[in-house]
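Presented below, as structure tokens, is a lone chain in the form predicted on its own.
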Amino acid sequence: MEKTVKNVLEGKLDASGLKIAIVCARFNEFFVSKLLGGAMDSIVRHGGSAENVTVAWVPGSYELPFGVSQLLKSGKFDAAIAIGVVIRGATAHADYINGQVSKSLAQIGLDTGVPVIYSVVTTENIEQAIERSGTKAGNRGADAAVSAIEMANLTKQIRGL
């Protein structure tokens, strides 16, 4: 006898009515703006409205968690996306930034109950940053927006149980 799961929850890819916060790091802005463009395009393509998106700029990737945290304290958003680009240099600086930012963003999502999507592109060089910002490796900002839409809708389903 085959058992069928009756209660399967899965976020829909429908951004209509969703309010999304996007926090962007100004450092490496050339790449970040391409990722932001990909995120906005993805939100609109999935039925969302640019008017329901709030974009905040912070100096660098290290400041992303603070920006996300402040926006989510307003209680006005269904999801948040943190967009940044960290390119490895000759020092371990990138490792410190990446580790702290990813942990902090995950914790903000857990603390607030609002999905926080990590879209910090971490690369070894400029060529990899170019690839992940809309060329042959896709656009990580667009990918992050799809995740935000799905998680926001899944969260709504769970809360409706």
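Keep in mind that this is a model prediction, so the values were computed, not measured. Position 1 is the first residue in the sequence shown; the rest follow in order.
Another form, the form predicted in complex with riboflavin (RBF), is not on view; read the next lines as being about it.
Novice: Report whether all of 25, 59 and 85 sit within 4.5 Å of riboflavin (RBF) in the predicted complex, measuring from non-hydrogen atoms.
Specialist: Every residue of the spot touches riboflavin (RBF) in the predicted complex.
Novice: With riboflavin (RBF) left out of view, which of 97, 105, 40, 114 would have a heavy atom within 4.5 Å of it in the predicted complex?
Specialist: It is 97 that has a heavy atom within 4.5 Å of the partner.
Novice: Indicate whether riboflavin (RBF) has at least one heavy atom within 4.5 Å of a heavy atom of residue 45 in the predicted complex.
Specialist: Because no heavy atom of residue 45 falls inside 4.5 Å of riboflavin (RBF) in the predicted complex, the answer is no.
Novice: Given a 4.5 Å cut-off on heavy atoms, tell me which of 62-70, 105-113, 49-57, 126-134 is the interface stretch with riboflavin (RBF) in the predicted complex.
Specialist: Among the candidates, contact is made by 62-70.
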